[in-house]
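Just one chain follows, in the form predicted alone, and it is written as structure tokens.
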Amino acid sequence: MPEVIALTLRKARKYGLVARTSLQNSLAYRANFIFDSFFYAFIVFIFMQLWRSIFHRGGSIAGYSYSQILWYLIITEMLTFSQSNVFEDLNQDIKSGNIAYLLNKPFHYLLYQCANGTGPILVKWLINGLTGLALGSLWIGPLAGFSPIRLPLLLLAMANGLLLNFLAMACLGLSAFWLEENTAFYWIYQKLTFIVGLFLPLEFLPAWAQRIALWLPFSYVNYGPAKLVVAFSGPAFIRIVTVQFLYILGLAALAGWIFRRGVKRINVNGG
């Protein structure tokens, strides 16, 4: 047992070093991320004008006040702009054959991609988070009922949403082992996340669509964390985080299975 623990710690340190190096590289090019945050702010500002017109008579829509819907939008857009582009990374490695070279390295390819994607995600999450906080504070004001004490719980739900999205995109990217053109999967996935929770909370959908959406993983990438920010409740937090963990475990197992099948295909073809 001590040997197993020591081996696990050595592996954790190895991927921790990859994540730290990725973070340092991302900080060296932080100007790129700052430019992206301007685009994020521009998109949020456009939608603010749209919702301002919709709420010009005040009141609430589908249970959301004007302030809540704008903070909801700030959170969902912030998470979307902070996501990793692991789909493109896997696509390039597999289609170029570079993955055959990477498989000989002393690390698991998928864990390396996960650790390597941590740096850009953290930098984008921090910069976009500060940008969204400044934009919301100046334009909307404080969110009624929000308590900073809940911040660790909200950050956990957001981190789960980013990891869930990472694993879903990794599964789609690994389809390149079999398909020359798999971009359609990416576009379909992206559009579904747009519809299910990015631009509108699920409460704006018809009742039957809400029931279906709550079973889908797309709802727990953006909608779940943003819903907790604007209308936190203990039962909702437990339900959303539990479903996120279940999807994360399922997608991690699926990605590992697809990867093993794909690597066998490389070995058979001598790639």
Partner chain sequence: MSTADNPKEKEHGSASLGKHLQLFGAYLRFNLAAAMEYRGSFLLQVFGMIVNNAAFIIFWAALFSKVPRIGNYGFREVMFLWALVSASFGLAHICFGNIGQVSRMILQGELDTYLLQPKDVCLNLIASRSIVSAWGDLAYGILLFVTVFGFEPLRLGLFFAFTVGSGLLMGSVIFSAQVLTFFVGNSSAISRLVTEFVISFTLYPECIYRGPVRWVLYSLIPAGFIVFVPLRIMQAFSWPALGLLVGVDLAYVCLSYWLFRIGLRRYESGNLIGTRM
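Numbering follows the first chain given and starts at 1. This is a predicted model, so every value here is computed, not measured.
Not on display, but discussed next: the form predicted together with its partner chain.
Comment: its partner chain is not present in this chain, but in the predicted bound form one of I43, I212, L27, L246 has a heavy atom within 4.5 Å of it, namely I43. This chain appears without its partner; in the predicted bound form, the one residue of I240, L216, I61, A231 with a heavy atom within 4.5 Å of its partner chain is I61. In the predicted bound form, no heavy atom of Y101 sits within 4.5 Å of its partner chain. Contact check for W51: a non-hydrogen atom falls within 4.5 Å of its partner chain in the predicted bound form. In the predicted bound form, none of the heavy atoms of F146 sits within 4.5 Å of a heavy atom of its partner chain.
In the predicted bound form, at least one heavy atom of L200 sits within 4.5 Å of a heavy atom of its partner chain.
Checking 138-146, 177-185, 90-98, 103-111 against its partner chain in the predicted bound form, the stretch whose residues place heavy atoms within 4.5 Å of it is 177-185. Contacts between 194-222 and its partner chain, taken as any heavy atom within 4.5 Å in the predicted bound form, involve F194, I195, F199, L200, E203, F204, L205.
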